[in-house]
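Shown below, as structure tokens, is a lone chain in the form predicted on its own; questions about how it binds or moves come after it.
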């Protein structure tokens, strides 16, 4: 199993439900946890990652703060329109440090992954990094 940061796979955020100029969605893919994407305070919030080519993914690791419930969907076409559910996860609340959750995707192939944050422990949530194991 190889742990890959998203830029090495040609992955980037192509859609995000909210954006703050100080905390843009691109921070999710830079490989660092000191920068982050922050939501606008309403739910659901989502972002879509596009890979340069179809990618087999055994798991993703999401480093975040205040996320309570996350759904992950995948798409295998070049257009980010029809998604199918892959998994859902309830995150434990953490105080003063990041949540780090490894989530199995069972070797799913995807050109796009949609991350839907359906609820949070506060009005605002942040996603600091997403990495994939393939």
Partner chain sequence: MVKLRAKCLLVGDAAVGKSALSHMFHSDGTLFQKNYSMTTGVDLLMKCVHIPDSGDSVELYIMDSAGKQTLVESCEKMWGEVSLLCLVFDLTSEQSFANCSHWMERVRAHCRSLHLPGVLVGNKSDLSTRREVQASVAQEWAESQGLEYHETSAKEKENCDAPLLALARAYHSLYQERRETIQNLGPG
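None of the values given here were measured: they were computed from a predicted structure. Numbering follows the first chain given and starts at 1.
The same protein also exists as the form predicted in complex with the partner chain; that form is not shown, yet it is the one meant from here on.
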message: Just checking whether residue 25 would be counted as a contact of the partner chain in the predicted bound form - the rule being heavy atoms within 4.5 angstroms.
response: no
field: Contact flag, residue 98 vs the partner chain in the predicted bound form, heavy atom cut 4.5 Å
entry: yes
Touches the partner chain in the predicted bound form: residue 102 (any heavy atom, 4.5 Å): no
- prompt: Is residue 47 one of the residues lying within 4.5 Å of the partner chain in the predicted bound form, judged by heavy atom distances?
  reply: no
- prompt: Each of 21, 119 and 122 near the partner chain in the predicted bound form, meaning some heavy atom within 4.5 Å?
  reply: yes
message: Counting any non-hydrogen atom inside 4.5 Å, which residue from 106, 85, 40, 82 sits next to the partner chain in the predicted bound form?
response: 40
